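A lone chain, given as structure tokens: the form predicted on its own.
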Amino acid sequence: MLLLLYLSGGLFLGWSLGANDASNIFGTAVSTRMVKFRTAAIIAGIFLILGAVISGAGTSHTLGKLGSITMIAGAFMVALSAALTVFWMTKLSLPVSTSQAIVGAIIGWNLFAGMAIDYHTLSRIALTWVISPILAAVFAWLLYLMVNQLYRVVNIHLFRLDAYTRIGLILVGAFGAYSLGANNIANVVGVFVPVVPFTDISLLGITFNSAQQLFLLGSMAVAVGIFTYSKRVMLMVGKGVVKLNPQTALIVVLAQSLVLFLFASRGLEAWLSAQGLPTIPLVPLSSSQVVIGAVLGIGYAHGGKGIQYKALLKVASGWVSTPIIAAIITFLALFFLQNVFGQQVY
């Protein structure tokens, strides 16, 4: 029972991710009314769970380098502080990032525990926060040019185009949900991996290790967050920065999904290493930043017209403040937990 109480911090963070970050995979589709919210939530929940359980281990190793939390009470408070930060930002309708929140919370734990911060790992993570939206913008821009060229070559009836677009949004959304689960589940329960005493279990001939059990619990919490609280953030992402039509919405989702997959695939990392090529770091990305980058790519493909810079500035302010707020909350909460409740947090 005490273990479940400690895990509740991570489950709350998973719910917050579902309410905020996970909404980005179907935000453009829902905001353009090509896919119903309920349909999007069901597909996102199923494929996110699959991505988390099957491919979620890659990025948790990177977070472990930033700060390996040694006591379960400390892991609980780190996750809870990150969740409170994300929930507060969500209440403000800001598509903030759980990646930034958990990184800020881990830094807060490092400062409280007197642990050295691995600045090399931190710089790699921060660099991906800059690179990922730029890469998504480039992908979206290139895909937009390719699709426009295809429209000129192939004459598709309007009703058939509408049907193809709906199918495409669902398929690409499923791929995006899988990629998000693989990339971001480490944010939800990664801090618990070194300290939770789960033993391996077998079900229908399949063995699940302790990390996969954690990823399953965390991803189920994310799915609940999608169902219960993600709709208004979907509408903010889809309409707040650039107005999108259904076809450009499809491009945005595909560009975002590709970027998330690139930074979560252990198979791709191994293949690049075997070929003697530079590898892509397995880092939990901000899906909010990635989707905004893709939306901006569409905007610049139209010559920059229609971009709502005030809305973009509001979103960017959330990105800057999130890790700072999370670090402060975590430091204060750890002090309170250790000195008032007598719990060892490191």
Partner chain sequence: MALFKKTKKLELKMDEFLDTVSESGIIFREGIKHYLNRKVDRFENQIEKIRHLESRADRLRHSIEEQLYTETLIPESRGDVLALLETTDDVINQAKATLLEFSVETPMIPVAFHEELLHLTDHVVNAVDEMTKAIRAFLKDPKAVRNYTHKVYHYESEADRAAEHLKRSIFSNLDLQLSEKIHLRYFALHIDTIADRAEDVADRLGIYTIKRSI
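If you're wondering where the values come from, they're calculated on a predicted model, not measured in any experiment. Positions refer to the first chain, counted from 1.
The form predicted in complex with its partner chain is left out here; the points below concern that form.
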*Of the residues Thr207, Asn155, Ser123, Thr199, which one places a heavy atom within 4.5 Å of its partner chain in the model of the complex?*
Asn155
_Counting any non-hydrogen atom inside 4.5 Å, which residue from Leu127, Ile117, Ala270, Ile167 sits next to its partner chain in the model of the complex?_
Ile167
*Looking in the model of the complex, any heavy atom of Thr32 within 4.5 Å of its partner chain?*
yes
*asked:* Can you work out whether Gln212 and its partner chain are in contact in the model of the complex, taking contact to mean some heavy atom pair no more than 4.5 Å apart?
replied: no
*Would Gln247 sit within 4.5 Å of its partner chain in the model of the complex, counting heavy atoms only?*
yes
*Any of the heavy atoms of Arg160 lying within 4.5 Å of its partner chain in the model of the complex?*
yes
_Within 4.5 angstroms, counting heavy atoms, which one of the listed stretches 314 to 322, 33 to 41, 278 to 286, 53 to 61 is next to its partner chain in the model of the complex?_
33 to 41
